[in-house]
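Next comes just one chain, in structure tokens: the form predicted on its own.
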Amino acid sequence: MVFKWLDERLELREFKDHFLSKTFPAHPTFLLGEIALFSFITLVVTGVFLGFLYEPSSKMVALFGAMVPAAYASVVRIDLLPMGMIIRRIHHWSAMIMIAAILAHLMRVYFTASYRKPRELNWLVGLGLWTITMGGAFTGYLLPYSKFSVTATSIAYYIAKSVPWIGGWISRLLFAGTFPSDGTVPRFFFIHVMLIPIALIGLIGLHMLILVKQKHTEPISNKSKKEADGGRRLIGIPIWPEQAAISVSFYFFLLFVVVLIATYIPLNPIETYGPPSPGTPVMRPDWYFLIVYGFLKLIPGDLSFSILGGKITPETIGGVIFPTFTIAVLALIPFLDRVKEPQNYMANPLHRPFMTSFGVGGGIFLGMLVVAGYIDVLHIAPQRMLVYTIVASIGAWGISYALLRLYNKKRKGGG
């Protein structure tokens, strides 16, 4: 009776026939997208809980007989609540997993050439999701307002300020004046809980709409199957109810893993670092910012010059030019690797020597930058680490390209 009443008004049966009858590919790599989506759902739920208890202010309040910023005090009180600390940890690790899942998903799309026509737009949407998720993690960094988080955020402040010509305006806009100011924490809180979730929801919705319209790419082995109907029919599991049941089960399994991680792996202990003070603690950013941090380590500190009145500093090169150039190269890939006919099946990475080796070399380069973030611990001079990075990246590209060329030559020659 209820379904009939709703169906007469919302046409639920038509919605079911049009959308829920579609199929989901039975390939394990497609779960990477679901991991990112489910992590975002967990972030929203735990974020609502934390938002009720967090005070986005740097005004001084009393905490255990000492005067500390209100933001710092509210996080300490959250950690003292039953389940407070574990929920904050779940929020943190869900963000980590979401960033990693989107990155792994982008790698799967890249190596299988699933960004090709007609899926160029969804590749750009995926890059946007990854970039904005990183922005969400960055804005969340400051909110505990401990000595650690303030020190980490100050690096980003000087990077923003180093943008030629408009750096002062950008830094004042993002940080509400000179960092740290009374408006910085409320500004970051607004961006973190309002602007970024709205942007993520919009991009996720756009991604899903495009996916429904274009369908997933499939393993090339499906092309010859009878049920593929000449490539017009997607082979997989019906979304309703089979895939829905699998997705719900997978979400609870993912939640179990996140809770397990949150139980045994702590966050940066804000009580140990304490509230902001003139001293600078020894710290490194989380893994997803280590690439930029490592690149900054390799740039000579005295490298500086001017162009048309704008000053280029090491912060400009490592924190602005390098990330922008990297994202631009990734965004251009679908338009450089073009095909005439639509590609609805995953390409074999072994059959794409140049693009696969380019991805391997690029991955080694970024991995070496992560290592560069620890050169002080490893006692490696920046100049030597720069040589190691260049040699390892070019070597990985050259060796993988030569091996793949040889493999394809033998494959085509029947050897």
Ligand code: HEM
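So that there is no doubt, residue numbering starts at 1 and follows the sequence shown. Because the structure is a prediction, the values reported are computed rather than measured.
Only in words, not in the display: the form predicted together with the named molecule, which the text now covers.
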> Heavy atoms within 4.5 Å of the named molecule in the predicted complex: which stretch among 101 to 109, 88 to 96, 174 to 182, 160 to 168?
Replying inline: 101 to 109
>> Each of F24, A36 and S114 having a non-hydrogen atom within 4.5 Å of the named molecule in the predicted complex: is that the case here?
In response: yes
>> Check R77 for me: does it contact the named molecule in the predicted complex (non-hydrogen atoms, 4.5 angstroms)?
In response: no
> Is L129 close enough to the named molecule in the predicted complex to count, meaning some heavy atom within 4.5 Å?
Replying inline: yes
> Any chance T29 has a heavy atom within 4.5 Å of the named molecule in the predicted complex?
Replying inline: yes
> Can you check whether Y141 is within 4.5 Å of the named molecule in the predicted complex, heavy atom basis?
Replying inline: no
> From the list H192, K147, H207, K297, which entry has a heavy atom within 4.5 Å of the named molecule in the predicted complex?
Replying inline: H207
> If you check Y273, Y288, W123, F188 against the named molecule in the predicted complex, which one has a heavy atom within 4.5 Å?
Replying inline: W123
>> Can you list, in sequence order, the residues from 207 to 221 that come within 4.5 Å of the named molecule in the predicted complex, counting heavy atoms only?
In response: H207, M208, L211, K215, H216, T217
